[in-house]
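Only one chain comes next, encoded as structure tokens, the form predicted on its own.
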Amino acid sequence: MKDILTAPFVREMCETTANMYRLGWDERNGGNISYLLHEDEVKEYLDTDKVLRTIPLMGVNAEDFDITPLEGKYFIVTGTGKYFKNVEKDPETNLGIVRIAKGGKNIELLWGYKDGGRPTSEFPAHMMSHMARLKVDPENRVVMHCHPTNTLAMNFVHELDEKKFTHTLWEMCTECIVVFPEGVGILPWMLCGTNSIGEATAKKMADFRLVVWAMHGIYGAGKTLDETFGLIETVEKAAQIYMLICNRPRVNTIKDEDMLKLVELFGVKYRKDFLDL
């Protein structure tokens, strides 16, 4: 059996968390990632019959959470209370590979959390988003949450209206409407770690791959870690540009008719109601 520390999904998680910490998106133990793995790729590195621990699936308050649609699925997940800056040097403590147990109320630990840890407290919210995204696109395997600085700053000075917020981001960089053509969903400030915010995020995930948690951070979903990281990275770059210019008169902008040319050129489906044509 191959060394789990050489597995591509472990290396990718190490590299991604390191990048997110370096960019300032995940201070202290802020942020979390879950990545749906295929059983065949897990079995190359682990004996899936060897369960280290059974852990109740719950966040702060998740008594009624039903995860049965994901029974038997495997995930690599960042741990609760873990600092992203430590993942690369000690993945076995800061990450875990788990399987959703029969009945959907527990998870089975197959590797990681060697200090007795458990998945992020927002794991239920992640699972809700996974289920929502898999209905839209069966290839969506990643849910990523972080606190990108400029995106957060923008929350305080821009209307938290999905159309207006998205339109402003689209105007900041030519690539934006191509990278996230469905726009950005927005939730008002809500208490984190609860079923309520998980359910609200999952509802938004039916239409968006990116959901802003007002005055908190952002949730992203995608097929790969690179794609999901890139989605958030593009929003953050656009938000940074906005924060640099928002208090100055704007002389130039990307016009809606120009954005239309972009989506037609690249053949992407976009939120037509988010443009004023």
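The first residue of the shown sequence is 1; numbering continues from there. In this text, all values refer to a predicted model and were calculated from it rather than measured experimentally.
The form predicted in complex with a small molecule exists for this protein as well; it is not shown, and the discussion that follows is about that form.
The single contact residue among 195, 168, 155, 121, judged by any heavy atom lying within 4.5 Å of the small molecule in the predicted complex, is 121. With the small molecule omitted here, the record of contacts in the predicted complex names 29 to 37 of 204 to 212, 47 to 55, 29 to 37, 228 to 236, defined by a heavy atom within 4.5 Å. Within 4.5 Å of any heavy atom of the small molecule in the predicted complex lies no heavy atom of residue 104. Residue contact check for residue 147: one or more of its heavy atoms lie within 4.5 Å of the small molecule in the predicted complex. When contacts are judged by a 4.5 Å heavy atom cut-off, residue 80 counts as touching the small molecule in the predicted complex.
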